[in-house]
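Before any questions on binding or motion, here is one chain by itself as structure tokens, the form predicted alone.
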Amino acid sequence: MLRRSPAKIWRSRDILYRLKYATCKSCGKAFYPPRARCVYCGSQDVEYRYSSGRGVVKEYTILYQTPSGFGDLSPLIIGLVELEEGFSMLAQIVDVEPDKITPGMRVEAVLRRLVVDGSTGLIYYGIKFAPAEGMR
């Protein structure tokens, strides 16, 4: 279970609620999560940008036995999503039946509930991916 303070979540809002990534000005490659140094060439000449949130599913797996605390999410679909901006990220795929997902499916980022903290009742939200409009 996540244990975060509201202040820490506020400081992380660019990562949690928007798809902020970095592009290296030296080699031109995009990467996520954003870092001060390029993960490909080591250059510190990077620029931060926000993604459109649109991409395609490259690969995926379906978990029928979920980790403790995530039982209500079963079956859990985890996909490698390649975004239009050229970087890839792992994320949960929602709003699709497991037998309907295919590699190459167009998806878009959506803000959804991640977990509810049982002791405080705080609801944590984050980025997941759902089939793009016209694919639902």
Partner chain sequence: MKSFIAASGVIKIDRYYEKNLKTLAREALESIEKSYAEDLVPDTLIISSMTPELVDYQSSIADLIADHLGLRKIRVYRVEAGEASGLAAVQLAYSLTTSKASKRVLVIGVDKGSEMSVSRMAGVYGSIKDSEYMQLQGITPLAEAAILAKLYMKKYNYSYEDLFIWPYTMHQNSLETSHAQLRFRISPDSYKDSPVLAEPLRLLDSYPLGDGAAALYIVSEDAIERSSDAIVSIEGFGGSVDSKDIASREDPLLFRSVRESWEEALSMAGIERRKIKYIEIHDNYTPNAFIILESMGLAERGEAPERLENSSIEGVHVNLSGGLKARGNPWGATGIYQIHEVFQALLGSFKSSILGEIEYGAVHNMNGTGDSSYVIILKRVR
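Because the structure is a prediction, the values reported are computed rather than measured. Residue numbers count along the first chain shown, from 1.
The form predicted together with the partner chain exists for this protein as well; it is not shown, and the discussion that follows is about that form.
- Although the partner is absent here, S88 sits close enough that one of its heavy atoms falls within 4.5 Å of the partner chain in the predicted bound form.
- By the criterion of a heavy atom within 4.5 Å, S12 is counted among the residues contacting the partner chain in the predicted bound form.
- Although the partner is absent from this view, L122 stays clear of the partner chain in the predicted bound form, with no non-hydrogen atom inside 4.5 angstroms.
- Although the partner is absent here, A109 lies well away from the partner chain in the predicted bound form, with no heavy atom inside 4.5 Å.
- The listed set L76, V96, L83, M105 contains one residue whose heavy atoms approach the partner chain in the predicted bound form to within 4.5 Å, identified as L76.
- Contact residues in stretch 42-65 (any heavy atom within 4.5 Å of the partner chain, taken in the predicted bound form) are E59, Y60, T61, I62, L63, Y64, Q65.
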